[in-house]
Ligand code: BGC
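Presented below, as structure tokens, is a lone chain in the form predicted on its own.
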């Protein structure tokens, strides 16, 4: 038997959250929200870290939507530790949750945490990052991660249309994050033929050479992708990304510099890599990708230091998740649109679309209330 829920205000709550999801009371703190009593916690949410703007935005969205819709919830952060992640899940189970929404710190290590949840009768929704090699997940909600990579790669191709031998620097997210594999596979699905045709010359990843002209499947070619990503991973870390970029530039001669194309996996690493390339006297210019639509990166776009970002509206993703939670707590099966293979089962999933943001449409996230115009350095409206 599921706990009694209040769901009649769900649609209105989603709309309210979409209009102002960038503001959250007590953002960054673990917090309980909702109209139920403290001993009737319904939804536990575990996010990777409170140290990145992206996850604070997700917390804000969840807190607003779930609270206004009448759900009781608590948000906890793993702070980069799988052990803390497990402790957080156990703590939420002890508080009686019916649904666990978890964005894994490590896609494989998190299997232990969700198995503990499943054994306690808790239904599990993987949020944004798929937990792999376990059957203890019920649903997955994500942005179209493959399309993120495709759009990043295509942006670079379009930026250098008609040119040849452009140095191409490849960087990836953490090898512990299944999304990093999907992002890169999506990007390589379009960049591969551009490298084969001579538009680009890969400047920093010898491991990609056997796959020029080929696409890579996240499941079938996982070992190959792991080998490739292992040489270009930023671990989603600013300092790691900057150090790796600096090392690549020190190794390469002027013939692999000049005007460079750079596949950076997200905004934080894009800013770090851009700083490294800006400091190299042999780099005359560069085009660099990103994702997450972070305020600081919108400032970099305004100043010309970052070329684009992928806007993944976390309010929309949280809204989709909340719809799934509502269905589960009402003893219904959530509606899904696709499935993802996590190496153990095909997980029923929902995908949310993404948007490319450049200087030309930088007003879009501002107009949507996703970011505040006054916080964007160099923004003129």
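Numbering follows the first chain given and starts at 1. On a predicted model such as this, the values are computed, not experimentally measured, just so you know.
The following text describes the form predicted in complex with this ligand, which does not appear among the structures shown.
K.L.:
Verify the flagged residues 128, 179 and 236 against this ligand in the predicted bound form: is each one within 4.5 Å by a non-hydrogen atom?
P.N.:
Yes, each of 128, 179 and 236 comes within 4.5 Å of this ligand in the predicted bound form.
K.L.:
Which of these residues, 67, 52, 351, 316, gets a heavy atom within 4.5 Å of this ligand in the predicted bound form?
P.N.:
Only one option qualifies, and that one is 52.
K.L.:
Which one, 292, 138, 98, 280, lies within 4.5 Å of this ligand in the predicted bound form by heavy atoms?
P.N.:
Spelling it out, the residue with a heavy atom inside the cut-off is 292.
K.L.:
Test of understanding: in the predicted bound form, would residue 188 fall inside 4.5 Å of this ligand by heavy atoms?
P.N.:
Residue 188: no, not in contact with this ligand in the predicted bound form.
K.L.:
Taking the shortest heavy atom distance, is residue 183 within 4.5 Å of this ligand in the predicted bound form?
P.N.:
Heavy-atom contact with this ligand at 4.5 Å: present for residue 183.
K.L.:
Using a 4.5 Å heavy atom cut-off, state whether residue 309 contacts this ligand in the predicted bound form.
P.N.:
No.
K.L.:
Is there a heavy atom of residue 266 no more than 4.5 Å from a heavy atom of this ligand in the predicted bound form?
P.N.:
Residue-level check for residue 266: yes, a contact with this ligand.
K.L.:
Please name which of the stretches 339-347, 54-62, 325-333, 352-360 has residues with heavy atoms lying within 4.5 Å of this ligand in the predicted bound form.
P.N.:
That would be stretch 54-62.
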